[in-house]
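As structure tokens, one chain now follows by itself in the form predicted alone.
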Amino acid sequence: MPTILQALVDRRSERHFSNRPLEPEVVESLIEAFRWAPSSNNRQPWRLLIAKDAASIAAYDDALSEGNRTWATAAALKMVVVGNPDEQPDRNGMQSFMLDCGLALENLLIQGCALGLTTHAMIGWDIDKVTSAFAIPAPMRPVALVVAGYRGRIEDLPPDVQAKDLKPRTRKPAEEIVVWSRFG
């Protein structure tokens, strides 16, 4: 039986970061992985905003939820996935641009894993703060925040966050999530 890519099995949403900065070529490889994602009709309705200067990094950290702020502020690289719904129109009442942005984000996460990085996408953040702080123009919308960096020490995290990173990674069995032909 064919095996799946090891990076898919190994990928975790860990929360421990070292203070080592990422080399420019590592950042570029994450950008390239993001850029080469599939999208419907190849419209690529995504942007990747990278907080680079002190003011944008501070604004990024300020927009995080309290729980994410306990660990994500230590990441070397802070990014906002931004989607443009005008570049990928809704279909059948579904926001198609969101799927495309998710595919690009997953490419970035898998590339980070393959490079030995800690990468973590977040939904715990304030959309109004992110939109305002980064001057995201309408109709574009922030879709996800993601951090990346070299792995740090789990012991440096608060105990409740340590427990999350030490928890075994599990997945539901295929029999529980795959439906053949139809439900019922």
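This structure is a prediction, so every number in the text was calculated from the model and none was measured. Note that residue numbering follows the sequence shown and begins at 1.
Not pictured, yet referred to below: the form predicted together with a small molecule.
Q: Would Arg169 count as touching the small molecule in the predicted complex under a 4.5 Å heavy atom rule?
A: Close contact exists here: in the predicted complex, Arg169 approaches the small molecule to within 4.5 Å, heavy atoms only.
Q: I'd like to check something about His16: if you look in the predicted complex, is any of its heavy atoms closer than or equal to 4.5 Å to a heavy atom of the small molecule?
A: No, His16 stays farther than 4.5 Å from the small molecule in the predicted complex.
Q: Indicate whether the small molecule has at least one heavy atom within 4.5 Å of a heavy atom of Met122 in the predicted complex.
A: Heavy-atom contact with the small molecule at 4.5 Å: present for Met122.
Q: With the cut-off set at 4.5 Å between non-hydrogen atoms, does Thr118 touch the small molecule in the predicted complex?
A: So Thr118 does not count as contacting the small molecule.
Q: Out of 133-141, 66-74, 29-37, 43-51, where are the residues with a heavy atom within 4.5 Å of the small molecule in the predicted complex?
A: The contacting stretch is 66-74.
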